[in-house]
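Okay, here we've got a single chain as structure tokens, the form predicted on its own, with questions on binding and movement later.
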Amino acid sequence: MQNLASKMEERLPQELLSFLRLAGEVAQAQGQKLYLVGGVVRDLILGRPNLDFDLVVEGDAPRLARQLARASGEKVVVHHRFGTAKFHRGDLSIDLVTARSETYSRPGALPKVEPGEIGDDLFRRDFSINAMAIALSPASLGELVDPYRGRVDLEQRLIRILHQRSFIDDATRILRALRYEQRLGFQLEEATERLLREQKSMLDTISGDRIRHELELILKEEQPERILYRAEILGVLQELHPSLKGNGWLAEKFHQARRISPPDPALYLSLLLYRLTEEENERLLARLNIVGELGRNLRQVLRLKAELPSLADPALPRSGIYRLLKPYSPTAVTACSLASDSPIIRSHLELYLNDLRYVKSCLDGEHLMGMGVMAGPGLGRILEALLEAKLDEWVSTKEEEEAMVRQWLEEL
């Protein structure tokens, strides 16, 4: 049996390692077995950073969490209903759960959960490289529990499902398979890829909320365009909507997006949906249950795309650019700027993003009333006129704005 105690010593902070050892001692004193499980084991072996630590106990997680909190002085949040607890240590998150087994009543359904042993808990995982555990009990500290040869698959750089019904039971694993494959630079194991191609239609059994969550995780990856391209090649992207494309155009736009600002999943999603029609967009928003601000942004992108020809006039005044773009969110304007092929349109969009949206007149309503302007609609029109004059660079200082207002008042 392989032992990873030395690797834990090398790669885990001493303070965290001490906490894990204490947790194993407290569990053993209660006759329970405790394990470090899942992605953190995978990344520990690969030497990759991971700040999310999952612990599984063969026993009672809430009870162990309370005992461990008393022994360590750490604060813990316990969820008795779900048999879980969470410790926070700075940037680290440590989840403690009761080992459990899962059964699926039908494809896509949430699983029925029952207490189980570590083998049951690992069997419910998605891929072999995520179905490994490290024993934390003092008597077996560091021993690797690897019933599905996950370490071999790590060495061979493969993504392998655990059983034939894996994608049928939970088709979100299809999207996760592609995410891990591209993140780690691995390949789908041959039978896993064949089943993925055959069973990709099972994504229809998954709720929009769960698919949206997986898509959001993809868009938070370092290079999401690689995952989306792979999803198109395998026919997975088309299962979300037949018109979605993950080709070279999208990769180019994602690269451009990262050059102008930190990675933004909302902007990535706007670019992914940019080439849909409004009707196609509405169907996809409904399918993924995208509502609220994100839904408004995605609708704005396509509405603005339809208005872009109005920005093609090189003589369009700065105030005209402002009026056209003011109703739209910065994300929508940025998406259209990245997607547009017209240098003139793109320059107008960038001018708004980098300059015009920040322009403010020096005078406000109170100042204008002090100059003799009556409250009412006329006051609002003067404020709008002042802003346009500032945008078009007819005035630049407070004194110039005041002179303009006095001239208008004399002409009334």
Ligand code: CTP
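Quick caveat: nothing in here was measured; it's all calculated off a predicted structure. Note that residue numbering begins at 1 and tracks the sequence as displayed.
Missing here is the form predicted in complex with cytidine-5'-triphosphate; even so, the following discussion is about that form.
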{"query": "In the model of the complex, segment of 110 to 118, 165 to 173, 256 to 264, 239 to 247 with a heavy atom within 4.5 Å of cytidine-5'-triphosphate", "finding": "165 to 173"}
{"query": "Site test, 11, 35 and 142 vs cytidine-5'-triphosphate in the model of the complex, non-hydrogen atom cutoff 4.5 Å", "finding": "no"}
{"query": "Answer option from 181, 126, 146, 189, heavy atom within 4.5 Å of cytidine-5'-triphosphate in the model of the complex", "finding": "126"}
{"query": "Interface membership of residue 58, cytidine-5'-triphosphate in the model of the complex, 4.5 Å heavy atom rule", "finding": "no"}
{"query": "Contact test in the model of the complex: residue 130 vs cytidine-5'-triphosphate, heavy atoms, 4.5 Å", "finding": "yes"}
